[in-house]
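Coming up is one lone chain in structure tokens, specifically the form predicted on its own.
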Amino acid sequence: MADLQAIVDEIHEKLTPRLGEGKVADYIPQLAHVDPKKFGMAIVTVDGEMVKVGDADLPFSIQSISKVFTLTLALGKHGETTWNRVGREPSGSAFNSIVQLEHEEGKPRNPFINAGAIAVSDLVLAGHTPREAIGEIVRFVRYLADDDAIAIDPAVAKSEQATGYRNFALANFMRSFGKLDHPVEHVLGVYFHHCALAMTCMQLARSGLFLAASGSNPLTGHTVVSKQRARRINALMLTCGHYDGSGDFAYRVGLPGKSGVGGGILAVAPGRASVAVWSPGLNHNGNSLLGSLALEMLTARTGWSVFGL
């Protein structure tokens, strides 16, 4: 078996001269203050091996990576009827675009663009107050990572609430088509808070392990979802997890993955491992520039791509 620690050490060493490349997501004021030279990477294998490098134990704002966890919760509550509210196709548009929504009468293209994740937040909110729904999401992520230290960063949530004009527009647009059941401010309260979850690379890698292990967490023995559902969530991550850069990520990295504008990426090597990487500088699609490169280097050295060697 490959020496994973040696591989991540080598990746870190090769990328160190490039730390700071890309553009930090400054449209969320709280994220503008993040040091662009941070870099962390963690791998947790289905056999229980854990390796890390760099700033892997420093919490960061996971942003849209949380959409994987809210989708899993919504599917648990609503099953296949979830897809009556949100599609499963790549968008080909920016993550916060409103154009497609108008053309498709308020049904978002997939659960990982902002409009889709707002629709999913509406589903998670069913039967709850916003505070209860937010608590359920936090408890679920703590359960996945087996770590009660995970929490929402209130400063980031407040920052998003104060500047999320585009998200308010998306939500009101969907509400006008009858696609949201709850008041817009309640749905967005849930959405902004789950995007403000702060996690380390190691916590994030542990949280995604159930997707690498056919729906069960081999570290805790807990079954999270069925094998079939894990496979389908992975399929959506592969095709839609990087906005309109999803095809390029599949081409270069070849793993299901979900990015966030905080600079994190969660990637899943089915049957092998869960990987989390964090580098705040983003490329033009809003995905971590060096994080994507690190994962491309990892799959090149391990052969973990779902498309073979």
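Note that residue numbering follows the sequence shown and begins at 1. Since the structure is predicted, the reported quantities are computational estimates derived from the model, not experimental observations.
The same protein has a further form, the form predicted together with a small molecule, not shown here; the description that follows concerns it.
Q) Which one of Q63, S274, T70, S246 is close to the small molecule in the model of the complex, taking close to mean a heavy atom within 4.5 Å? A) Answer to the contact question: Q63.
(Q) Just to confirm, with a 4.5 Å cut-off on non-hydrogen atoms, which of L266, V261, A269, C240 contacts the small molecule in the model of the complex? (A) Contact residue from the list: V261.
Q: Identify whether the small molecule in the model of the complex is within 4.5 Å of every residue in the set I28, N114 and C195, based on non-hydrogen atoms.
A: Yes, each of I28, N114 and C195 comes within 4.5 Å of the small molecule in the model of the complex.
Q) in the model of the complex, does N167 have a heavy atom within 4.5 Å of the small molecule? A) Because a heavy atom of N167 falls inside 4.5 Å of the small molecule in the model of the complex, the answer is yes.
Q. Might D122 be said to contact the small molecule in the model of the complex, defining contact as any heavy atom within 4.5 Å?
A. D122: no, not in contact with the small molecule in the model of the complex.
Q. So which stretch, 159-167, 122-130, 176-184, 210-218, is the one near the small molecule in the model of the complex (non-hydrogen atoms, 4.5 Å)?
A. Result of the contact check: 159-167.
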